[in-house]
Structure formats: structure tokens, C-alpha cells
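In C-alpha cells, the next block holds one chain alone, the form predicted on its own.
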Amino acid sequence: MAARTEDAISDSGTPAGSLRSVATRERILEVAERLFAENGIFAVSNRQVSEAAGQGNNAAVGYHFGTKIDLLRAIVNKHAAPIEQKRKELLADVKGSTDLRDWITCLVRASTDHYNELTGPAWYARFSVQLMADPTLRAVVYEDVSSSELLQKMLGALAACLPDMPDDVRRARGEMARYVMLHMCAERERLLAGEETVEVSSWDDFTTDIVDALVGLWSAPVTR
């Protein structure tokens, strides 16, 4: 509790819900997301995040968020809300469809539309790659996000388009699809943030390319 009290004083005694406190939380989230994306989650301490966020008190992360796990959850939840809203909109557009491509498009576009709307340099895809690389962190941090009712509806509708596919094959292809989408988005994010003179396609074209590839992956014959 001492750290929380000291940080409250460093914030000029403003209460937790004040505008200043909200701005501090947002700054910490932004800085943490960038540092984790660029350096790896375990290579960055809460103290380093506090310092990079310009906080005089090195315990600022603990005061505003708690543990590192809590900080990771906060970053994920910050992006989960707009992605969930996009799922809602996309689901309404294809409700009742039996076209595999429609459901793959929903799953992909919910994320890529969100990335497209982020302003300035973005790090969330690269942050997500770091987070997904650790099975323990992935299970803990993504527990709430993966239980999204809208996401489960999309996955269920996709599975219904492939009724004869064995469950183990479906699970394997689901993992492949997730890794393709995640890593390709992270690579695109890196290119957009870099100084390389590489021509980068629009997010719409990128989304179409990913969907094309994943339709091929999901509809490929099962030969075992």
C-alpha cells in the first residue's frame, strides 16, 4: 500500500478516477505496449515501464494496475473492446451465411479493421506475438477475451461450414490460421513503423490476401 500512497502523492493527491490519473494510466499502457512489443515481456520490468512513462515514482505501474499480469490484461482489454464491437457489426452482416469465406472474413477483419484505425505508430500486433509465445501468459491473459460469445459464434459458424472435417484437424488448422493472421499482422505493423522503403499494401488489400490464404488453408483436402 505504501507504493500506492506515494504514487497518489506524486500525482498531486488526485483521486484514482481523476483526469490526471486516467491520463497517467493511458500513458503507462501506451509505453508498456511499445516496450513489450519491441523488447519482449520478460525483458521489461514494471520499473522500466514507469520510468519510460515519465513517472517520478518507479512504483507507478503497481499503483495504477497491480502486477505485470494485471498490466498485460489491461493492454489486451484496451484493444478487446473495439475489436468486439467490430465483431458485432460483422456478425450482423453475414448472419445465417453458410459461406466459409464470410466467416473467415469476419474473424480476420475484426482485427485488421481495428489495426487500420489505430493512429500513429502501432505495436499491438507485435505485443500480441510476444504474449502468445508464452503458453502460461496466453492462458491467463486471454482467458476472458477467448470466451467472447461473438467470437465463439463465428468459430461455430465456421466449423459448421466444414461438417466432415475431423475435430483434431479442425483444431490444428485453427491454430495455423491464428498464427498466420497474428504474425502477418505483426510483420505488416513492423513495416509500417520502420524506415525501410518497402511498398506496403492497403489494409483492405492485406485483409483480402490473408482471407484468400486462410480460405485455402481451411478448405484444403484432408489426406490422412
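Don't overthink the numbering: it's just position in the shown sequence, from 1. This structure is a prediction, so every number in the text was calculated from the model and none was measured.
There is another form of this protein, the form predicted in complex with another copy of the chain, and it is not shown here; the text below is about that form.
*Asks:* At 4.5 Å between heavy atoms, only one of the stretches 91-99, 70-78, 122-130, 147-155 reaches another copy of the chain in the predicted complex; which one is it?
*Replies:* That would be 122-130.
*Asks:* Using a 4.5 Å heavy atom cut-off, are Glu187, Arg190 and Ile210 all in contact with another copy of the chain in the predicted complex?
*Replies:* Yes: Glu187, Arg190 and Ile210 each sit within 4.5 Å of another copy of the chain in the predicted complex.
*Asks:* Considering Gly56, Gly194, Gly66, Gly40, which brings a non-hydrogen atom within 4.5 Å of another copy of the chain in the predicted complex?
*Replies:* Flagged contact: Gly40.
*Asks:* Does Arg27 reach another copy of the chain in the predicted complex if we count a contact as any heavy atom within 4.5 Å?
*Replies:* Contact check for Arg27: no, nothing within 4.5 Å of another copy of the chain in the predicted complex.
*Asks:* So, in the predicted complex, is Asp134 in contact with another copy of the chain at a 4.5 angstroms heavy atom limit?
*Replies:* Taking the distances in the predicted complex, the answer for Asp134 is yes, it comes within 4.5 Å of another copy of the chain.
*Asks:* Report whether the minimum heavy atom distance between Arg47 and another copy of the chain in the predicted complex is within 4.5 Å.
*Replies:* Contact with another copy of the chain, no.
*Asks:* Decide whether Met176 counts as a contact residue for another copy of the chain in the predicted complex under a heavy atom distance cut-off of 4.5 Å.
*Replies:* Met176: contacts another copy of the chain in the predicted complex.
*Asks:* Within 4.5 Å of another copy of the chain in the predicted complex, counting any non-hydrogen atom, which residues from 200-224 show up?
*Replies:* Asp205, Thr208, Asp209, Ile210, Asp212, Ala213, Gly216, Leu217, Ala220, Pro221, Val222, Thr223, Arg224, in sequence order.
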